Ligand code: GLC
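First comes one chain, alone, set out as C-alpha cells in the form predicted alone.
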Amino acid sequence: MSRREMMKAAAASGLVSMSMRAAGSDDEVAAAPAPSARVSRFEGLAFGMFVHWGLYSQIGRGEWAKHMQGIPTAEYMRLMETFTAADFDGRSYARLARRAGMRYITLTSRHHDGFSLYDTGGLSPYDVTHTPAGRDLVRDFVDGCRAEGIVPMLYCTTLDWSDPRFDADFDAYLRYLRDSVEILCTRYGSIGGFWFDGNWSRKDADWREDELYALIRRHQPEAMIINNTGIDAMGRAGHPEIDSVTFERGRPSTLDRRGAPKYVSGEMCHTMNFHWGKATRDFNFLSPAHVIESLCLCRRAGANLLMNLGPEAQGGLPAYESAAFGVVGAWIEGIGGASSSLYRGRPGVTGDGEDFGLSTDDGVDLYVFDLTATANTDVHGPARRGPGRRTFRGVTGEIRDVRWFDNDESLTFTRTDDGSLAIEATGYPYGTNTVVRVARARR
C-alpha cells in the first residue's frame, strides 16, 4: 500500500496517528484541517491549573494511597467522617489561577478512589453529601471560577477502586459513569471541558465511549473532551470525538495534523512533585523556573500546560505551589501579561536548541533559553550557551527592530543567507534573570 493510500485509510478510520507524516509528492493530499471554535478557544487559554483533591488529601500520602497501600474500602471511606472542606473556597483557587496567568482550572470531581465532590443524586454512597462538608463542592468551584473569569473544567475518573461493579458488572458500571457525567453536564451551567482518566486500566475493554461522548455533545456541545491515554502514550491519538491529546509529565511534541480527520489540540499535564494529591513526605518540588520553561516548551509545540497542585486536607491552598505559581504569573506579566504571545501567538518559528518564536499580527516574540551561563546557582555548574548569536528560522516579513521585554534594550539583528533572523542576544543586566528571556521582533 502506498503512503498516500495509508494516509487516506487512516483518515477514514478516524485513528490517524499524530506522528504520521506526509512526504514528497503526497503533501498535496495531506492538508491539515482547521480547528473547531472550541479547540481554538482552548488553545488560547494556554495555561491551566490542575487540582487533585479528595479523601486521600487527609492522609497526605498521595492520591493513589488507597490502591498502592492496599487500604480496604470500608476503612478508607471512614475518611468521609472527617471530610469537612472547611478551608475550601473555589474563588480563592480562581484568584490564584488569575494571578498566575492561568485561564482555566480542571478539578477532580471524582478520582480513582470513587469519592465524589458533588451530589451524585443517590448514584453512589461515596459523595460529599455524606460528609460533614454539607455542600456541593463542584458548585462552589464552578461559581468561584466564573466570578474571576476563569474557565471551569472537570476531571472525571473512568476507573473506580471502590465500586464492585467495575469488576463484577462492567456494563452496569458504565451506566453509572454515564449517569454521573450527565449530572455534571446538566447541573452547573457551561463547563469548559471534561477530562477523563482511567481507560488505560482496561486496555482491551469496550468503554462505550460513543455513548459517553454523545451525552456530552448533547448537553455541552462547546465543551472540550479529553481522555488521558496514559503516561507512556505521549500524544497518541484516541477516539475520534476527542478534542485534545495528552502528554502526561513529558515534553509535548509538535503535532503533525496533515491528513488527520480533524484538528486535535495538545495538552501536557504536570505535577509539582511526584504526586498529584497532597503528599506530606514528598519534598521533591519543581522550581518556578522549571514551570516557566515547561510552559514555554508547551507553547513552542502549540500545546497547553496544565500544572497541578495538591490542596491541604480540608481544601486550603498549599503554600509552596501557591507561591511558585505567583512567581510564574509575575514572569508572564513581564512579557505582556494578558496580551502576551503565550496566549495569542502562533508557533512555527524555530531557533537554536530550545529557542523558538511565536508570531503575532505585528511581529514575532523570540523566546531565548540558556542566557544564564551555568545550569544552576553554583558557578562551577555545567556550562550553558550564555549570551551570543541566536538564529531563528521561519520569521517572515521585514523586521524593523528587536528589543528585550524586560529592559527595552535594542538588539543587533541581521538576515542570514538562508533568510533566517539572527540576533545578538545580550546577557542579563545585574539583578535580572527571567529564566527564558523574550524579545519582540517588530515588523
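Small disclaimer: the values here were computed from a predicted structure and weren't measured. Position 1 is the first residue in the sequence shown; the rest follow in order.
Although not depicted, the form predicted together with alpha-D-glucopyranose is the subject of the following passage.
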Inset, instruction - Scan His112, Arg103, Arg300, Lys278 and let me know which has any heavy atom within 4.5 Å of alpha-D-glucopyranose in the model of the complex. - result: His112
Legend entry - The single option of Asp140, Glu293, Glu248, Glu354 touching alpha-D-glucopyranose in the model of the complex, heavy atom within 4.5 Å: Glu248
Legend entry - Stretch in contact in the model of the complex with alpha-D-glucopyranose, which is absent here, among 36-44, 49-57, 409-417, 396-404 (heavy atoms within 4.5 Å): 49-57
Inset, instruction - With heavy atoms only and a cut-off of 4.5 Å, decide whether Asn228 touches alpha-D-glucopyranose in the model of the complex. - result: yes
Inset, instruction - Please check if Trp200 has a heavy atom lying within 4.5 Å of any heavy atom of alpha-D-glucopyranose in the model of the complex. - result: yes
Inset, instruction - Determine whether any heavy atom of Phe325 comes within 4.5 Å of a heavy atom of alpha-D-glucopyranose in the model of the complex, and answer yes or no. - result: no
Inset, instruction - Answer yes if any heavy atom of Val368 is within 4.5 Å of a heavy atom of alpha-D-glucopyranose in the model of the complex; otherwise answer no. - result: no
Inset, instruction - For the stretch 64-94, return the residues whose heavy atoms include at least one within 4.5 Å of alpha-D-glucopyranose in the model of the complex, in the order they occur. - result: Trp64
